[in-house]
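Coming up is one lone chain in structure tokens, specifically the form predicted on its own.
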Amino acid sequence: MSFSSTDVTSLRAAATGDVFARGDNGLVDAVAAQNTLILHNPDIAVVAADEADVSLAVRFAAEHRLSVTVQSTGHGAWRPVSEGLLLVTGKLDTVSVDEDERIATIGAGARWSAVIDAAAPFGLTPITGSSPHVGAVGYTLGGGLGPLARSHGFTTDWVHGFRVVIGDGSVVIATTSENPDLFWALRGGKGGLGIVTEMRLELVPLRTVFGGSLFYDTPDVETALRAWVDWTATAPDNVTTSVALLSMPPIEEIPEPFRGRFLLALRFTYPGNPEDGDRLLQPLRQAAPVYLNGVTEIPTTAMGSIHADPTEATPIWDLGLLLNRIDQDFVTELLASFGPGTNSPFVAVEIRHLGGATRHDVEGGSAVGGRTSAFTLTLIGVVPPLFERMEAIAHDFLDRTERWVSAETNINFSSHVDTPEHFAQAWPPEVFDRLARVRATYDPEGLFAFGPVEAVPQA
């Protein structure tokens, strides 16, 4: 790696967007991640204003033997970038909708909220994640499991094509007919394949859903949780649910009904008429006394309220994985570690029910990991002084629940990906090997940094 201040000056002159070298004023803000514990400090950062800037940055990195890492909205960072070139694509945020074709063309930096709002006037909606604040493209590259997962599958199942800047700085199209191997890889392979500048996503005709959350107060958490676990065994494929054990701090920022309480949130989404949805919800509503009932017919523009994920940048310690199954013995272990009275340091312990459409791959296949799994599990903590305790509790819990954990996970639900072995678990072995071959084809010099250093294919 070798470049001079003159090289940086030339890059600034050629780029439309901003270019920062290490130590420059503005660098920290330009590369800030959503997790405030992740502090990037690359050799160079390029905040691309357009696709030409992306190509320019990639060519500069190749010429000067700099690794390239990409960040859009700042979500999903699992380690600090401390060298090479960090390419920020957040300003590539245009969204357009073709009503007749039911296709949204989405820039690399667009958040789901923009896509949802653009589609809604036409009675259409994207199959999004739980948070409208997250970048649409980065989320989709890892697969994408949201509040419509069981009825509509992974978000990436709805992708029709990508524009991609590959390792030599050129722009290629990836579809089922053009560079189909790259298209396969981008549908779940996440990174190391190139820089996606634009995505074409099929929208579904849907104006409303019957959805929201039931909340159960501390005395009823166990009863409601155990009832939900039993209910999932025969749940209809067109209903997507999840639960979260919530330990709400006693601070003014938390709404009064939740402040200082330990609650179970049971999220429910049914993309059909409210009468049928209410009937399907009835067993869960009757399982235990409901503290607050927030399930009703809502417009698709309000689906973010189902999970109500926070949008503020914050320090986060999290751990994510997938589960083959859960049963009442698993619930016993879960409550022993994170339930009422345990003084758990985690603000949220979430389980999402998979299956249904998530099990069915698209025609031609995709690189998504986790299709055979039945549930996701995510632990989230936000108080840095407790992070060491969180890690110890989490690993003790995993030691006791190993028999329920899937051998394969999903890259969007992986965290602390610091070993090649952990990285590889995000895909089935045959998919992981095929991804390595595709990366070597489109990035033969190993320019695009992704995963642990030891796991990144090198030339």
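Throughout, we count residues from 1 along the sequence that is shown. The structure presented is a predicted model; accordingly, all values stated were derived computationally and were not measured.
FYI, the form predicted in complex with a small molecule isn't displayed, but the following is about it.
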If you check in the predicted complex, do His75, Leu141 and Gly194 all have a non-hydrogen atom within 4.5 Å of the small molecule?
-> yes
Does at least one non-hydrogen atom of Leu145 fall within 4.5 angstroms of the small molecule in the predicted complex?
-> yes
Evaluate Phe413 for contact with the small molecule in the predicted complex, applying a 4.5 angstroms cut-off between non-hydrogen atoms, and reply yes or no.
-> yes
Is the gap between Gly135 and the small molecule in the predicted complex 4.5 Å or less for some heavy atom pair?
-> yes
With a 4.5 Å heavy atom cut-off, would you call Gly129 a contact of the small molecule in the predicted complex?
-> yes
Exactly one stretch in 67-75, 213-221, 334-342, 265-273 has heavy atoms within 4.5 Å of the small molecule in the predicted complex; which is it?
-> 67-75
Just one of Asp309, Asp168, Asp361, Asp237 has a heavy atom within 4.5 Å of the small molecule in the predicted complex. Which one?
-> Asp309
